[in-house]
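Listed next as C-alpha cells is one chain, alone, in the form predicted on its own.
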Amino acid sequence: MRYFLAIIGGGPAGYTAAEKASKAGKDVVLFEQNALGGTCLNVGCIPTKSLLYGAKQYFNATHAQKYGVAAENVTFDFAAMQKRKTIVVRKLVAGIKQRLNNEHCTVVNGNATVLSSLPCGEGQGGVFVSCNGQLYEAQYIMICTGSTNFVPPIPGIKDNPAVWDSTDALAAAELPKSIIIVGGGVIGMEFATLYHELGVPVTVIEAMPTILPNLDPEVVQILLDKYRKAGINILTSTKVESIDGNIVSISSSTSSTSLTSDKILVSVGRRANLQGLEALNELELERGAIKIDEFCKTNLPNVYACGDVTGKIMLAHVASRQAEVAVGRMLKEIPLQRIAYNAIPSVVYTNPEIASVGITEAQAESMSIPVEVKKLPMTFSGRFMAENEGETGLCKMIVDAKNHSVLGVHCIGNPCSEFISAASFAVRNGYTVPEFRQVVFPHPTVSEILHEIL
C-alpha cells in the first residue's frame, strides 16, 4: 500500500501530524518504536509535572501556617506519587491512541529505517521505509525522531550506577538520600525543585555564570537568590572534572574540590536523534540537527522534519505547531501558514514558576533594537498577593522604543505559566502598548499584571 504520509516518531510532532493528515482523508502510517507520546508524555514533561505537583502539595502543606492553616505530622508517599504519575501517563497515551483510531491512520510499533528518498519533484516522488521486515511506501515522509539526553565526555560517567539521566530519575522507586545535579538548565532546575521540596539535600553544578542562562537575568536572579536562601547549594561557573562512583570532582576559577552524593543526575541538554536516517546521506544538517525551511521541509524532495530533531526550539508545543504547518503545506492549504518562532512561550516549572516569550533586554541590545523596559513586582496583582504570601515576583515587558510594539514578556511568580499565552498573542500579532491596553483581563486574576504594567 502506498501512503500519503509516513511519519517516523510518535511524539507531539508525529501524532499531531498523523491526526491532521488522517482527518483530511489522507492515508498515514506512523512508526513508533516505544510508546506513543514520545519523550514529553512518557519520560519528560508530563511525568515530571505530575511529580512536581505532588511535591508542591506536600511543600504547601508543610508551609501552610502563613495562610492560617495548621497541618501537623504531614507526610508523603513517594511510591504513591510514582503510581499516580504512571496512571496519568497511561491515560494520556490511551487518549492519543483514540485520536489516531480512524480508517486512514495505521500505527506500527517498531524501529523504522528510511531506505531512500526518490529525487523527484515535490508531490511526484516517494519514500520507502522498512519496519519489522515490512516495506512501506509513501508520497511524503516526516522525520519526528526527537532527541536524546546528551552524555558529556566526563570521565567516570558511563556505566556508573550512581549516575542518572532524567529517565532514570523519573523511574526511580525511591528518593535518593542526597543528589548532585550536573546542569542548571530547565531540566536540572525542575528536578532540583522536586527533590528539595521532598526534603532531599540538593547541589546544582552549572558551568555557566548563572543557572537558566537563556532566560532574563533579572528574573533568574530572583529564583537563584530564593533557592540559595532555601538551602539548595547552587555552584555556578563550576566545571565537573570527573566522577568516581558517587564522588564528583569539580573546579572553578578559584578552587578545586570534590563532593559526595547518593546519586548524580546529569542534565546538560539534549541532542537530535538521527538514527535510522543513514540512507538519507544528502540530508542537510545544521549544528547536528536537520535543517528545515519555514514550512519544515528539508533540502530533500518530499522529506519534512519536525520537533526536537530540527534543533529549533526543543519544546513539545513547538513540535506540534511545526507538524501542523508541515502537513498544511503538504495539503496545499491556503493561506500557507508559518511558525512565529519569535512568539514561542516557554515555562520553567520551578517554585515559583518562570514564564517568558519574545526577546530579553540583552537580546534586544545584541540586535541593536532600542527598547523601553517596563517592570512591576507581581504584588501589583491582588490575586497574587492573596495566594503568594511572602513572595514578590516580577513581570518585565520589553517594548520597541520606536513603534511601541511588545517584543517580550518575562515573569517569575505563580501561576505565570497560565497567562503567558496572553503575552504571546501580543508578541505574535505585534500589538503596540496602546493596543494591548485595550485587552480586558478578569479581576481578580494574576494575569492582570499584564495590564498593570502597561
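So that there is no doubt, residue numbering starts at 1 and follows the sequence shown. Note that the structure is predicted; figures quoted are calculated from it, not measured.
The form predicted together with a small molecule exists for this protein as well; it is not shown, and the discussion that follows is about that form.
Is there a heavy atom of residue 270 no more than 4.5 Å from a heavy atom of the small molecule in the predicted bound form? Looking in the predicted bound form, residue contacts with the small molecule include residue 270, since a heavy atom lies within 4.5 Å.
Should residue 349 be counted as a contact of the small molecule in the predicted bound form, where contact means heavy atoms within 4.5 Å? Output for residue 349 is yes: heavy atoms within 4.5 Å of the small molecule.
Heavy atom of residue 206 within 4.5 Å of the small molecule in the predicted bound form: Yes, residue 206 is a contact residue.
Does residue 276 reach the small molecule in the predicted bound form, with heavy atoms at most 4.5 Å apart? Judged by the heavy-atom cut-off of 4.5 Å, residue 276 is well away from the small molecule in the predicted bound form.
Partner absent here, but in the predicted bound form, which of 188-196, 365-373, 94-102, 318-326 has residues with a heavy atom within 4.5 Å of the small molecule? Selected stretch: 188-196.
Is the small molecule in the predicted bound form near all of 49, 154 and 184, within 4.5 Å of a heavy atom of each? All three within 4.5 Å in the predicted bound form.
Answer option from 219, 138, 169, 314, heavy atom within 4.5 Å of the small molecule in the predicted bound form: The residue from 219, 138, 169, 314 that makes the contact is 314.
Heavy atom within 4.5 Å of the small molecule in the predicted bound form - the one residue of 201, 301, 213, 377 that qualifies: Result of the distance check: 213.
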